[in-house]
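The chain that follows stands alone, in the form predicted alone, written as structure tokens.
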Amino acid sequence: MAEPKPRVKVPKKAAAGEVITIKTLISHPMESGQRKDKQGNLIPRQIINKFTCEFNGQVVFSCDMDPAVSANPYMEFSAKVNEPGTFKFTWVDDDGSVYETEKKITVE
């Protein structure tokens, strides 16, 4: 499996108090552990099981994911920004791998 690649879309700037839309996607097969390979063996479960978004160190969105979530999970949510700062996005895989990326936003 190729290394999961996180992608996020955050506006570069916003007005103080504005509610913005954030979009995220991570390339990941989200293998449920219920499918079989060509030889009839179960393919081991490997999913992104937790996603968190923080803004300046405060959690603004978090969720747990289950095997029913499709491959390449996409999240879209809103956040209110009152000050400039950095959004930090974290995905946690079943195998303990952690994938992170950050995006800055300017507030005028």
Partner chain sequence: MSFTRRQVFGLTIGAAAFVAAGSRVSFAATDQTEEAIKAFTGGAEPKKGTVSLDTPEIAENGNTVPVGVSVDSPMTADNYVESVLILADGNPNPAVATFHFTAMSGAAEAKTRIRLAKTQNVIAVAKMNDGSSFIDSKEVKVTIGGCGG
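Just so it is clear, the model here is predicted, and its values are computed rather than measured. Numbering follows the first chain given and starts at 1.
As for the form predicted in complex with the partner chain, it is not shown, yet the points below apply to it.
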property: The partner chain contact in the model of the complex: residue 16, any heavy atom under 4.5 Å; result: no
property: 4.5 Å heavy atom contact, residue 43 and the partner chain in the model of the complex; result: no
property: Residue 76, heavy atom within 4.5 angstroms of the partner chain in the model of the complex; result: yes
property: Non-hydrogen atom contact residue 58 with the partner chain in the model of the complex at 4.5 angstroms; result: yes
property: Contact set, 53-68 vs the partner chain in the model of the complex - heavy atom within 4.5 angstroms; result: 55, 58, 59, 60, 61, 62, 63, 64, 65, 66, 67, 68
